[in-house]
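Read the single chain below, which is given as structure tokens and is the form predicted on its own.
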Amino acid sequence: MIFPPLGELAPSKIETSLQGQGVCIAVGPFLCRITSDTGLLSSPLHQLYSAYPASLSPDILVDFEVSLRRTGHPFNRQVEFLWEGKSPFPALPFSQTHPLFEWGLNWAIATLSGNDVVIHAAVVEKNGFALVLPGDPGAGKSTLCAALALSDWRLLSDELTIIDRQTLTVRSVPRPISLKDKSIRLIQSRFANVQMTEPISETRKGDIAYAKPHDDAVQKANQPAPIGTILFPKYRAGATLEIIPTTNAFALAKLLENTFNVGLLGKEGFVDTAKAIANAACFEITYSSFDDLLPWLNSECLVKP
């Protein structure tokens, strides 16, 4: 079934549907129905998800349903995320409705992808191959992902590298790119035309804003990609570019540290992950400037494994 893009709907119509029978949005291979009584979700949905296929029909069969609901005292209003009627997270301040939606949607997609290998890593594509970007908090993973995805790379995901265990390719599940604190200003200054939400302060992750991915990434969400490169980035102010090739065994061990469900998948999950990265070029890098890193990275990914 083919749906028109959400951007063809007026924000007022989106709000009415959120308050009623819901808005259905296709996110990669998943179809999600969203409801909310907060009044704070229609604007970011219209801004960030305008290219995503959508429907307001209550008769559409979906993979899952989520809801953002008011809770707490009227003078200390909070919001809770409900997945299939249950709340997997604590309620948050009302102003954090949109970040809670994005965090909750990540959780739902990771949960529904339990038969595949789900790694906490950003991933983009160029020349038909995926570049996987794992990273510890503060390493600059999402900032680098944004810089690539807002230039000439295709965003597959800024949070979840999902390896299809049947094809050993990375699924495309493009979503708005989460940026924090200084990264917000850095990306805004580098990409003057980026569409980004206003920062929300004092979240558990600091100031948060979301950048809209290119429409092309959404329109090609049915195109997976094999892993060509794995890059472990580390941003350090003032550092000169340092590139250290690593073994695939080292990369596999690091990826497994960031894998949500390999323990549940057991030996088969370990083997499938190893097969998926068998032909990948693997590097650790330290950098302080996109202008130093991106020429090397574009050159490296021109060569197919």
Partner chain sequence: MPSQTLADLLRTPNTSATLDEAGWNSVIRTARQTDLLGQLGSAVMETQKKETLHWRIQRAFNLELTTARRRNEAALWEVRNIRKLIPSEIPIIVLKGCAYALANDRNAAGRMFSDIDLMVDADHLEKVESALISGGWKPSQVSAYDQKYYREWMHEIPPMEHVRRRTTVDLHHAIIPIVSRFAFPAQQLIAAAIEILPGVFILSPADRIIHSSVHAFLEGVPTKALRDIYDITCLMKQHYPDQPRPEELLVRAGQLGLEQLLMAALEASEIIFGKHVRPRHQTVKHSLRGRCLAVAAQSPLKPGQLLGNLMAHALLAHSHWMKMPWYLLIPHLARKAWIGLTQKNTAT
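Positions refer to the first chain, counted from 1. Being a predicted model, the structure only gives us computed values, none of them experimental.
Quick note: we don't show the form predicted together with its partner chain, though the next part is all about it.
Only one of the listed residues (F129, W83, Y235, W107) places a non-hydrogen atom within 4.5 angstroms of its partner chain in the predicted complex, and that residue is W83.
Residue-level contacts in the predicted complex: of Q195, Q219, Q223, N115, one residue has a heavy atom within 4.5 Å of its partner chain, and it is N115. Heavy atoms within 4.5 Å of its partner chain in the predicted complex are found in one stretch of 265-273, 235-243, 39-47, 249-257, which is 265-273. Among residues of the shown chain, P29 is one whose heavy atoms approach its partner chain to within 4.5 Å in the predicted complex. At least one heavy atom of T111 is located within 4.5 Å of its partner chain in the predicted complex. Shown alone here, V62 lies within 4.5 Å of its partner chain in the predicted complex, counting heavy atoms only.
Its partner chain is not shown here, but in the predicted complex it comes within 4.5 Å of a heavy atom of R33.
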